[in-house]
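The form predicted on its own is given below as one chain in C-alpha cells.
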Amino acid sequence: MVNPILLIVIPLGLAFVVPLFRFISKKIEKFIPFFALLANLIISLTLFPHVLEKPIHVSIGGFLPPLGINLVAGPLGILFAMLIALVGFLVSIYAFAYIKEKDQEKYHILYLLLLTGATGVVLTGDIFNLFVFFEILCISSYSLVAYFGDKPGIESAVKYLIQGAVGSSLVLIGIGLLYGQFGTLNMADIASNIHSVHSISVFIPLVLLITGFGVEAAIFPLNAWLPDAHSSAPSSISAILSGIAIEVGLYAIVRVVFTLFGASSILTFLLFLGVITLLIGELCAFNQENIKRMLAYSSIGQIGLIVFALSIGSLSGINGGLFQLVSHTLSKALLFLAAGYMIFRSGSMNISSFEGMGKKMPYTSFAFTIGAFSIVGLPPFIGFPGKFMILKAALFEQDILFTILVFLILLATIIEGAYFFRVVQTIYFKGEKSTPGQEREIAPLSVLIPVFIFVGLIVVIGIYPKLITEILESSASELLNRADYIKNILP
C-alpha cells in the first residue's frame, strides 16, 4: 500500500528542485506542478478504498503517539487530499498558457508550497504541525496574491498578510494554552483528555482556534481580505484560494470543533454565524460590478452555507455540508478559470465589459454559465444535490428555528440567482452583434481542457451524486465518532 506521506513529500520535494530544472530548460519548470499533482491525485485515489475500511496512521520517526509526529489518512483527510490534488492538477494545466509574467519559477515554487501546506493540514494528526502546514499555505498565498507586482496586488497581499498574521497568532496562542494544560500536541491525546479539565480552561483556546482559522476560512466578520485578494491575484490563484484555501481553513475549524473538543455546545453559535455569513456574502455579491469581487463575495456566502450545514450536527447535515463543499470547490474553480480568459479578452473585470462574450468566446462562456447554474443550485448540476441535502437535513430537525433559517437560506439563494443570471444575461443577450472574425475563441487548448473537465465533473456528479456519497458518509461518520478517531491512533 502507498504511504500517505508521499502526498506531502512529492510536492514539497519538487518545489525545491524547480530552480535546478532551469539549468536544463526554462520550459520544463511549468510542467513540474503538473506531474507532482498528477502523482498526488493517483496516490489519493489509490488510498481511497483502504481508508474506507480503516484510517491509515503513519508514525514519523518510529515514535508511537502521543510522542512524535503522526499523519492520519482517514476518509475526511483523503477526501480533502483528493480535492486539493484534482483542482491543483487542473489549474496547473491552465497555468501553462496563462502564466506568462516574469519570475515564473517563483510562481511554480509558491504554487507547490501552497498545495503542500493545504495537504499537510488535512493529513496531520498533530496540532502544532497543523499550524506549521497552515502557515506554509498562508505565506505562499500572500506571495501569490502579489505575483503581478502591481499596486493593487501588493496592497491586497499586505492586507491579507496583516489579517492572516493576527489569525495565525491567535492559533499559536490557543495551541500554547492546550499544550500547557495537557503536555501533548497530539490531537487524539488532547481529545481523549479534554473533559478532564474545567470547561472554561478549554473554552478560551477553542475560541482562539476558531477565530484564527476563521480568517482563512473567510467567515464573517473575518473575511475582509478575501475580495481584494481574489480581484488582484492571477485567476489561477483565485481559483485555488476560493476552491482550496478557504475550504482548508474550514477543515481546520471542523477538525477542532468536532474531533479535538467535541464541542457540540458551540454548534448553535456557528449555526447563526453561518447564516449571517451567507446573507452578507450574497448581498455584497449582488452589488458588485467587478466579476472577480462578485465571485469572491459569492465564495463567502457559500462558506456560510457550508458552516450552517455542518453546524446542524447530524449525520445528514454534515453529509450535505461536505457535498456542498465539493460542489463549491469544483464550481468556483471553474468560474474563476473561465472568467480569467474572459477578462483577458475584454481587458476589464467589469461585468458590463462581458457584453456579447457568448459570441466572441462561446466555449468559455458556456463553461462559465454551467458553473453559475451549479453554484445557484439548478439541476442537473452538482450544486443541486448539495443544497437539497442541506435543506432536507435542516427541516428534518422539525424545529421552528430551523424553519426560519431555511427561509433565510432560500432568500439568499434567490439573491444569488439574481446576480449570476444578470452576468449570464450580459454575456449572451447584451451588446452589439459581432463582426466577422470576432467569433474566434481565443482561449488556448491548455485552458479549455481543465475548464471542460470541471464542466464534466459538475454535470456527471450532479446526475450521479452516489459517485461521491460513500466517502462523504464515511467522512461525516469520522467527525461524529471522535471515540473511534482516538481509538485508531492511540495505542
Partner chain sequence: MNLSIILAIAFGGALLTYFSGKISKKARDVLAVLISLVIAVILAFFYNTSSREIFYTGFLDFPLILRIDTFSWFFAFTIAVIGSFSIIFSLSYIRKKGNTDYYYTMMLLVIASMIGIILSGDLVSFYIFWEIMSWSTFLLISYNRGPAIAAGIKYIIMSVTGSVAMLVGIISLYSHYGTVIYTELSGLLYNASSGYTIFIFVLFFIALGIKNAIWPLHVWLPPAHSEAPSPFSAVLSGTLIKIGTYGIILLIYVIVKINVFLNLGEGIVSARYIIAVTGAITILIPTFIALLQDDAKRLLAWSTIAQAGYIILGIAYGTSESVASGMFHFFNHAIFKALLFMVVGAVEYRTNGVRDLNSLGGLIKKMPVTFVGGLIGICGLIGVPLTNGFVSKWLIYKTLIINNSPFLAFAALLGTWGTILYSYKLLHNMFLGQLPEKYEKLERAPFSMQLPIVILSLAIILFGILPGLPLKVINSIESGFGLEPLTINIWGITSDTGTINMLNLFVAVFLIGIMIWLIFKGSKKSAGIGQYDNYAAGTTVPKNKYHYSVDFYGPLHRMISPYLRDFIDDFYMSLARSIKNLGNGIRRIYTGDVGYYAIYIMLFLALLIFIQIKWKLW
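Residue numbers count along the first chain shown, from 1. As the structure is a prediction and not an experimental result, all values here were calculated from the model.
Not on display, but discussed next: the form predicted together with its partner chain.
Contact with its partner chain in the model of the complex, defined as a heavy atom within 4.5 Å, is made by none of 34, 39 and 122. Heavy atoms within 4.5 Å of its partner chain in the model of the complex are found in one stretch of 307-315, 327-335, 396-404, 237-245, which is 396-404. Although the partner is absent here, residue 297 lies within 4.5 Å of its partner chain in the model of the complex, judged by heavy atoms. Heavy atoms of residue 198 reach within 4.5 Å of its partner chain in the model of the complex, making it an interface residue.
Mapping the unseen interface onto this chain, residue 352 falls outside it, with no heavy atom inside 4.5 Å of its partner chain in the model of the complex. Looking at residue 82, you'd find every heavy atom of it more than 4.5 angstroms from its partner chain in the model of the complex. Contacts with its partner chain in the model of the complex, taken as any heavy atom within 4.5 Å, map within 194-211 to 197, 198, 200, 203, 204, 207, 208, 211.
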